[in-house]
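Here you get one chain, nothing else, as structure tokens; it is the form predicted on its own.
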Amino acid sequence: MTKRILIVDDEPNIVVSLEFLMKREGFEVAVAMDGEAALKSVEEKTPDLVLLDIMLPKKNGFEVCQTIRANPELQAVKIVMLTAKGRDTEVAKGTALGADAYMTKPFSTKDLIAQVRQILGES
């Protein structure tokens, strides 16, 4: 069965490139441009994995991650936080809130695909 990935980022060029990359890799892709839309999308059609930016309008990535992790029905959803903020404090906060992985922008597309496949158990 095709794995579903939700891309959550408010930068259109990042969304377009991630969407292209994930579709090329054979994933079903959904997109949300802010934190509230991300949570709505997760509730409507649960993804296998969320690529989650931290700096988002309405609700930031940390809040989205925390909300997903607080819902027992969404425990299987994997979360990869993507951010330009790569300081140790942000990484620690993201991990503490339940993120499965953390990647700092700019990142290599090859590394991202490897990370996604590993987390989804496809490596």
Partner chain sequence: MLQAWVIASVSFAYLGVLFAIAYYGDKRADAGRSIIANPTIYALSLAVYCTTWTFYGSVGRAASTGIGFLPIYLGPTLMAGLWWFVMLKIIRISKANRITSIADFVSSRYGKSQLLGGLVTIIAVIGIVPYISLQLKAVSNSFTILLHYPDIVMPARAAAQPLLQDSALYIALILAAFTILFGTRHLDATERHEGMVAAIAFESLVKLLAFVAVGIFVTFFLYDGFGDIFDRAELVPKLKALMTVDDTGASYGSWWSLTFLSMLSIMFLPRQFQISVVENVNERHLARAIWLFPLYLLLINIFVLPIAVGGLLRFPDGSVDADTFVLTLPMAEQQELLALLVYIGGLSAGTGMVIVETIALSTMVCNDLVMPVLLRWKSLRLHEEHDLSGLLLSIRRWAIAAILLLGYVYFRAAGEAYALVGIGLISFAAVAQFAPAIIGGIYWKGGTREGAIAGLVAGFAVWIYTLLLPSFAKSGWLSLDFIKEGLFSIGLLKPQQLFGLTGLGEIPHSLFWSMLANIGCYVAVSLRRRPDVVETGQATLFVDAFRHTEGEQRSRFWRGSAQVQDLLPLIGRFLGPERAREAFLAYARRRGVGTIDQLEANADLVHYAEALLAGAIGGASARVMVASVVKEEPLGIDEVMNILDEASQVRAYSKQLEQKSRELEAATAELRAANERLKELDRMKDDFISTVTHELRTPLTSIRAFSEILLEDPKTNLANRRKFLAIIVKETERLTRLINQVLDMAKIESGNAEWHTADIDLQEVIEETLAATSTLFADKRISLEKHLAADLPRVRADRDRLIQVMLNLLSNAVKFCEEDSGRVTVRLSAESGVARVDVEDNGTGIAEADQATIFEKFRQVGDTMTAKPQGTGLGLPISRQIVEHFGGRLWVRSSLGKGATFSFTLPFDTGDARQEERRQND
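Positions refer to the first chain, counted from 1. Predicted model, so just to flag it, every value in this text is computed and none were measured.
Keep in mind the form predicted together with its partner chain is missing from the figure; the text below concerns it.
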For this session: Check each of A84, A92, A70, A76 and return the one that places a heavy atom within 4.5 angstroms of its partner chain in the model of the complex.
Result: A84
Exercise. If you check in the model of the complex, do R24, P57 and F107 all have a non-hydrogen atom within 4.5 Å of its partner chain?
Worked result: yes
Exercise. Do M33 and its partner chain come within 4.5 Å of each other in the model of the complex, heavy atoms counted?
Worked result: yes
Exercise. Should V16 be counted as a contact of its partner chain in the model of the complex, where contact means heavy atoms within 4.5 Å?
Worked result: yes
For this session: Give a yes or no for D100: in the model of the complex, does one of its heavy atoms lie within 4.5 Å of a heavy atom belonging to its partner chain?
Result: no
